[in-house]
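A single chain comes next, written as structure tokens; it is the form predicted on its own.
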């Protein structure tokens, strides 16, 4: 078992049942989720000690969110309560040729105002092996960007491995800073980056046109970078995708098998499942090829699981890799 820290906002997710549209439904189903917490929940399910750092409003919804983290095996010892509202996102699940839709309502959330100045990072990071962040957090506010930077600086001082999913989202950068003003400092403190060409270009203010250029630029600029990873997705429809992944060191490339996903249940959180699988693979397996295979298979299975979080065993993932999935287990 490894001790892994995740940092980021957890939101209230509201969705019409099944594949109903917003205009059809008179009820909304309630869940909690957030990119980094989703990673932590999958790792906790696999037996790791996952600690999530976040802040909630101090009322019943915030308490319910903390309880939801605990119910998914996450250590909430350092969860804070502070002023602000609960961030919300509304999800309409697509089907066939109709795309899914996400509507955010997260401005002025408790987490976006949280500066973490009362956190004891020495205690939080004691005995830890890894910390994971995403580009969503520094996009929310200057406070969130400063909090992420402080966490990564402390993690580097302690000798932890750091992974970051750059996850550029244009509709989140609204507080007067561009990604390339914030992200490079965070990337300098990161050992494993999950990102595609667009993420790198936006975060570094570049116009690189292929991934070979991205790799050369990133490994040259960021001296402690060990791996870059990305997924490839072909969207035939909302219900039918083909996915695969790749992992790159400075000198070698590793490619996963591809998976044909023909009856997708829920796409949300699939990248987080991939991230969790990559962290587990690099921590436990130490073989880059095995790590990328495990990560992509974890992401593939998440497409079959409703909600934000992947709940499946390592055995199920290993069976998928071995081609043994889909049978009735008796």
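Positions refer to the first chain, counted from 1. Since the model is a prediction, treat every value here as computed from it, not as a measurement.
The protein also exists as the form predicted together with a further copy of the same chain; that form is not presented, and the subsequent description refers to it.
- In short, of 99-107, 217-225, 154-162, 176-184 it is 99-107 that has heavy atoms within 4.5 Å of a further copy of the same chain in the predicted bound form.
- Contact annotation for residue 249: none of its heavy atoms lies within 4.5 Å of a further copy of the same chain in the predicted bound form.
- In the predicted bound form, at least one heavy atom of residue 301 sits within 4.5 Å of a heavy atom of a further copy of the same chain.
- None of the heavy atoms of residue 322 is located within 4.5 Å of a further copy of the same chain in the predicted bound form.
- Shown alone here, residue 265 lies within 4.5 Å of a further copy of the same chain in the predicted bound form, counting heavy atoms only.
- Counting a residue when any of its non-hydrogen atoms is within 4.5 Å of a further copy of the same chain in the predicted bound form, the one hit in 245-260 is 260.
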